[in-house]
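Quick setup: one chain, the form predicted on its own, written in structure tokens, and binding and motion questions come after.
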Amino acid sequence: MNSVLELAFANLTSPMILFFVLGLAAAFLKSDLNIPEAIAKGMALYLMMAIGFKGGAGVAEHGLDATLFLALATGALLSALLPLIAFRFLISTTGLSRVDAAAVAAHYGSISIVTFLAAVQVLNSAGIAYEGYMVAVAAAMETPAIVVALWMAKGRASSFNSATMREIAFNGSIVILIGSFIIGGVTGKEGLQSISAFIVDPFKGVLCLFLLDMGLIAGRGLLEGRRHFTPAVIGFGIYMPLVGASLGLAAAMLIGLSPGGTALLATLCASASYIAVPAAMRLALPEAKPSLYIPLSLGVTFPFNLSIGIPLYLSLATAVP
């Protein structure tokens, strides 16, 4: 328990969390503080490129093994399973419509790459090693949840049109993650060293500024969509990450991931998408409420994982022999 509290305190007092809190406070105070959308998108591309490249370079140095393929398959399976569990919880406890429950469930089967980046930063700060290919696992977990959610929303075969499937397959976050991962794998350690001044040194500062923007978006989303946030819905946004993390921890130990890799898989399973899935839901389930599913994932689950979840998952991952 002490280790969890120490990790949580260290995380809560880190610059990245405090910048997120600053964004929340500015939103609640209705400040005109704003990050231009073009800059926010540029920061997102930079962060995903950096983590993808470093992951690929790590794999090049470590080499391929059976655990990598097991981790990819496990991640995809968990991404398909978690929305089924989330959907059942939502239907039985919140009174949401089937379409809204399916849309929300998709967010909790897919992943938040920024939550993943925050967990990576915590591991790096603590000096805990992890498998570089976990970024590929993150990419593999983006899509299955979307497909399962569309099926749950009354078996909407019409949702699987070419525009939707293209949006899923060529989502920008997937393209930049996988592309950078491949480039990092091809160029290896030498390639990483050659551009380290660009993708290593500025990383923390860009992450802080990006989380400031996330705080602004989360706070404003909560203010605009607060009528949807019953105690049952808010409770789901807190306990569902714990359910996902538990499954991720168990699966990681079964396939033999390191403590760092175990913490990352648990974090991925606990996170909720607010980039890839909302884009797909706008196309496939336009009747679902964005004022519900975006603030829930970004305004409730995201700060929960940043402040409490990641330290808890790391503590559990490192406590198991």
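Here the structure is a predicted model, which means the values were calculated and not measured. For every residue, the number given is its place in the sequence shown, counted from 1.
Only in words, not in the display: the form predicted in complex with a further copy of the same chain, which the text now covers.
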A73, I85 and R88: each with a heavy atom within 4.5 Å of a further copy of the same chain in the predicted bound form? no
Based on heavy atom distances of at most 4.5 Å to a further copy of the same chain in the predicted bound form, which listed stretch, 74 to 82, 142 to 150, 200 to 208, 231 to 239, is the contact stretch? 200 to 208
In the predicted bound form, is there a heavy atom of a further copy of the same chain that lies within 4.5 Å of any heavy atom of P36, even though the partner is absent here? yes
Does a further copy of the same chain come within 4.5 Å of any heavy atom of L18 in the predicted bound form? yes
Under a 4.5 Å heavy atom criterion, is I176 part of the interface with a further copy of the same chain in the predicted bound form? yes
S92: heavy atom within 4.5 Å of a further copy of the same chain in the predicted bound form? no
Let me know the one among A129, L223, I195, V243 whose heavy atoms come within 4.5 Å of a further copy of the same chain in the predicted bound form, would you? I195
Considering non-hydrogen atoms and a 4.5 Å limit, which listed residue (L117, L123, L212, A136) is close to a further copy of the same chain in the predicted bound form? L212
Determine the residues of 177 to 192 with a heavy atom within 4.5 Å of a further copy of the same chain in the predicted bound form and present them in sequence order; the list may be empty. G179, S180, I183, V186, T187, G191
